[in-house]
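What follows is a single chain, given as structure tokens, in the form predicted on its own.
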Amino acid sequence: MDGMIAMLPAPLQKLSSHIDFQGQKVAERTYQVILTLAGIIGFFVGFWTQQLSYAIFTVMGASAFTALIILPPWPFLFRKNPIVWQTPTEEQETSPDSSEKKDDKKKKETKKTK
């Protein structure tokens, strides 16, 4: 994904392209509702006019409308709940002596269990 963003012009690279988890849920539900309603409306439009093409155009128009709503990561829809990451902690360096002691303890424990 970073490679694709690097190919964009400089002003577009500054835009955030991330959606939080709640935003993903909202986007999924939105597209399901819109396309389901479009399918039902398209069926009735096609049935009433006796034109299959009208039904197909209705669903295709709703698909384009849904893409305009869902694909951009709108901050007011899909980025309301940003993820707060924990700060990384530094690992404690272990001395070689302590790792040898741990290995000896493991060996003793395995001998006891056998």
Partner chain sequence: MHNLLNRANALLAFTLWVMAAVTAACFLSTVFLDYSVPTKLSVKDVKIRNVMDYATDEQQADLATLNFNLNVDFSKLFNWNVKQLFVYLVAEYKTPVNEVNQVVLWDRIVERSERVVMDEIGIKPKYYFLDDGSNLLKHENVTFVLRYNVIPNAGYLRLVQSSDQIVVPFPSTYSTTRRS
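Positions refer to the first chain, counted from 1. Note that the structure is predicted; figures quoted are calculated from it, not measured.
What comes next is about the form predicted together with its partner chain, which is not displayed.
K.L.:
Just to confirm, residue 77 within 4.5 Å of its partner chain in the predicted bound form by heavy atoms?
P.N.:
No, residue 77 stays farther than 4.5 Å from its partner chain in the predicted bound form.
K.L.:
Contact with its partner chain in the predicted bound form for residue 39, defined as at least one heavy atom pair within 4.5 Å: yes or no?
P.N.:
Residue 39: yes, in contact with its partner chain in the predicted bound form.
K.L.:
With a 4.5 Å heavy atom cut-off, would you call residue 73 a contact of its partner chain in the predicted bound form?
P.N.:
Yes, residue 73 is a contact residue.
K.L.:
Is there a heavy atom of residue 32 lying 4.5 Å or less from a heavy atom of its partner chain in the predicted bound form?
P.N.:
Residue-level check for residue 32: yes, a contact with its partner chain.
K.L.:
Within 55-82, which residues have a heavy atom closer than or equal to 4.5 Å from its partner chain in the predicted bound form?
P.N.:
Residues within 4.5 Å: 55, 56, 59, 60, 63, 66, 67, 70, 71, 72, 73.
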